[in-house]
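Here's a solo chain for you in structure tokens, the form predicted on its own.
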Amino acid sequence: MSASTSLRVRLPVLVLVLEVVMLALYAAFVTYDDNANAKLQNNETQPMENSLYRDYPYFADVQVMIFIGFGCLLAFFRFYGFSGMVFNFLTATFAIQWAILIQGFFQFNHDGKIHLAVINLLNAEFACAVVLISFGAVLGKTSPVQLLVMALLEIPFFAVTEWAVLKYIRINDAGGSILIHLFACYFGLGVTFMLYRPSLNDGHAKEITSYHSDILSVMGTLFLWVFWPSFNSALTFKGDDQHRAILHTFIGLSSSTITAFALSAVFNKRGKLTMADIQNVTLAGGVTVGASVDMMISPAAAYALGIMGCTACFLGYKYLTPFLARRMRIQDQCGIHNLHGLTGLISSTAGICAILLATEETYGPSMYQIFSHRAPPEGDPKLLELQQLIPGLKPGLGRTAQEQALYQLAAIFSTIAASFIGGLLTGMVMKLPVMALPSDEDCFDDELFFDMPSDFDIVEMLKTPSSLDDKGQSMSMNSKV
């Protein structure tokens, strides 16, 4: 390994500095939530009402998605399996630790402390998912030092954007189509724009998959597929809202899956299935139902959204991703713009339509709970009437459906702008020579940063372009995340 890519000093020093800073911040600002504080003796009085039993199942499900689903999915390159899984592990672990602090700073209690509970961990996992989606745009072309720096900077950009959108614009986004998928996508595109490598536009000799790496990757897809209903429903209102969210997510995923198989066979010149389509396009429905996942959109609409998202994702990865690389200097390595950008836009549009169509006839009084910003403001006589029907209903802003739709639109454009600018600035920092940037020749290769086992030498002979047959063709610009 050349001195310019050695991790011997860079990685330990960066980790040590980050750990010292976080240890100091945790010591100064983080304490226990009421549901974790022994002083309150909740364990003796009403232990089963502890928030742990409400939040932990969703935390566990999302954790499987983060560490196993994303990890396996990113291991699709033949010579980059260690890096795909392990760099995901490293980045995710740090991102969650960091997000607990950064997100907590916007939710200080009266004592100036972050009161830690499982729900904080769950929120931090969603912020971590943002980082891992963005990671997909630069997979194979970055060092672990660069990825830690990316997480270090992206989490604050995300937390500020999330806080501003939820506090001032105030939107409905139960499944995170705007604040998770669109933000992550355009942040990642901003980063990869700054890290543009012209020589990689025509592919790379090591940018190939193998039989075993494709199997590992589709396992990641299956983990994400199975647990996606938890991801979309975790932060919705308990009860029928959460029930609808799970139903809609499953239906959307199911329709996108069977559509993906059909499209894969139709567009393959030999009428066969392509593993890249199965690993990626099948998940599109989980994103496209996100913005309206808890609304009364009907099962048929969820089914249609799954088909629309799958089709947009498939065509995007087939035609749009190569165009972005050649014409706009955006090398979207895993096609995150297809699975998270295009589908996020479809989902956000569907959410706006659902808001415009929402009526009390369809929702009953609960409309003002689901669309909380449409609830009457404090002092309005109608608020008192609604609170008798829905105890605990909070005052809203009294927005009309049309006004709320415009705020949703504003959130889409502001989120995309903030994330892309944040990605550009982060990419500028990641380009610094001290970040252990891999050379073009060393991209997509585990050997650059890992001590490889002895049997890896057997597959080393396969790395030369001349050894590739038509089944081992380059997977450049493949869409995986």
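Sequential numbering from 1, following the sequence displayed. The structure presented is a predicted model; accordingly, all values stated were derived computationally and were not measured.
This next part talks about the form predicted in complex with another copy of the chain, which is not shown.
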| property | result |
| --- | --- |
| Partner proximity in the predicted complex: L425 to another copy of the chain, non-hydrogen atom cutoff 4.5 Å | no |
| In the predicted complex, D214 touching another copy of the chain (heavy atom, 4.5 Å) | yes |
| Touches another copy of the chain in the predicted complex: G239 (any heavy atom, 4.5 Å) | yes |
| Distance check, H110 to another copy of the chain in the predicted complex, heavy atom within 4.5 Å | no |
| Candidate from L152, I390, L406, I330 lying within 4.5 Å of another copy of the chain in the predicted complex - any heavy atom | I390 |
| Another copy of the chain: the contacting residue among I278, L356, L324, L166 in the predicted complex [heavy atom, 4.5 Å] | I278 |
| Candidate stretches 189-197, 375-383, 112-120, 341-349 - the one whose heavy atoms come within 4.5 Å of another copy of the chain in the predicted complex | 112-120 |
